[in-house]
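This document starts with one chain, in the form predicted alone, laid out as structure tokens.
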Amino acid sequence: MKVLVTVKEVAAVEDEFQIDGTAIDEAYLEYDLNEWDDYAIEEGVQISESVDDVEVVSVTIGPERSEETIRMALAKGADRAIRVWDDSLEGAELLDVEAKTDILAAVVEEEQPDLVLSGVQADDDGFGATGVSLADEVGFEWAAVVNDLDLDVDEGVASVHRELEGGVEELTDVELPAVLTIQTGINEPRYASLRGIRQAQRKEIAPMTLDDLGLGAEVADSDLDIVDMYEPESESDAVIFEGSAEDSAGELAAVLRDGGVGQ
């Protein structure tokens, strides 16, 4: 059985930063493993630890810098990794869901996994659609926002739990091959051990270009344009009532009346 885990390096801004056109200056950015993908990696590794003959392959789309991120997946137990990048992607202003879907679909075609695990969303761009879009592209069954998973390998079925609105839990059986987008809280991601980090240095990270995947440069073209980037104005309307509970309740009631909330 093969589990493919998609991983993204995400950018986080420092407290103080400057916007340069439609991007944030690199000097104010730090990069790390996407939080949701960390849970997906852990789920894949736990499957490999509980089921015989499972290979966990991690894949990312990113420049050479992102090898540090994907090596964290290897340190946590993934068997090998794939990094897709080339000059066509380097020059793209925005890699949208369609571009990522096309690239990851080509990787799925190459690897033929039984199960694809993807984080629900990415911390930085927050599209929250790549996993489901990938499932549609490759024709796999899928389930989104999975917060618990029981896998029956012999039957080829993943029983997935999803938390719906109002605290309702849903249990659904999904036939493999499938794409599951993983929600935080499904497990407790492990820290990479020193031994794991050393072993990760010897594991394979296979570089792939669009040409290697049978894709053309046009895959990076996007119908989306970033037209502006700015910090939204923030206002603080917080009112702190000090004094006794009785006095505070009276002051709060007055504020509510003035705001048209109460009579």
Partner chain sequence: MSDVLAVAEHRRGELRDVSYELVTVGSQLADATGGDLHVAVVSGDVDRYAEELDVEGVDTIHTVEDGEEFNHDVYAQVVEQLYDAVDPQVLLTPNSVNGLDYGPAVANALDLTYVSDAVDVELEGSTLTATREMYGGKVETTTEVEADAVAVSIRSAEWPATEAAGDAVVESFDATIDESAVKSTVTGFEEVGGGDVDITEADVLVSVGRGIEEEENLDLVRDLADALDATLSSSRPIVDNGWLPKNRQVGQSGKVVTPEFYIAIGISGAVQHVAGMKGAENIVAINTDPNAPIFDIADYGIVDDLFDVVPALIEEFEG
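Here the rigid core means the biggest group of C-alpha atoms that line up within 1.5 Å when the two forms are laid on top of each other. Residue numbers count along the first chain shown, from 1. Source: prediction; values computed, not measured.
Although it is not shown, the form predicted in complex with its partner chain is what the next lines describe.
K.L.:
Check Ser88 for me: does it contact its partner chain in the model of the complex (non-hydrogen atoms, 4.5 angstroms)?
P.N.:
Judged by the heavy-atom cut-off of 4.5 Å, Ser88 is well away from its partner chain in the model of the complex.
K.L.:
Look up in the model of the complex whether Glu218 has a non-hydrogen atom within 4.5 angstroms of its partner chain, and give yes or no.
P.N.:
Looking in the model of the complex, residue contacts with its partner chain do not include Glu218, since no heavy atom lies within 4.5 Å.
K.L.:
I'd like to know if Ser193 sits close to its partner chain in the model of the complex, meaning any non-hydrogen atom pair within 4.5 angstroms.
P.N.:
It does not: once its partner chain is placed as it appears in the model of the complex, Ser193 has no heavy atom within 4.5 Å of it.
K.L.:
Find out whether any non-hydrogen atom of Val145 is located within 4.5 angstroms of its partner chain in the model of the complex, and reply yes or no.
P.N.:
Answer yes; at least one heavy atom of Val145 falls within 4.5 Å of its partner chain in the model of the complex.
K.L.:
Select from the listed residues Asp79, Asp114, Glu110, Glu163 the one whose heavy atoms reach within 4.5 Å of its partner chain in the model of the complex.
P.N.:
Selected option: Glu163.
K.L.:
Using a 4.5 Å heavy atom cut-off, which residue among Ile205, Val51, Ile197, Leu224 comes into contact with its partner chain in the model of the complex?
P.N.:
For this set of options, the contacting one is Leu224.
K.L.:
Considering only 3-25, what residues come within 4.5 Å of its partner chain in the model of the complex, judged by heavy atoms?
P.N.:
Result: Ala11, Val13, Glu14, Asp15, Glu16, Phe17, Ile19, Ile24.
K.L.:
Once the core is superposed between the shown form and the other one, does Gly21 show a C-alpha displacement of at least 2 Å?
P.N.:
Where the cores coincide, Gly21 shows only a C-alpha shift between the shown form and the other one that is less than 2 Å.
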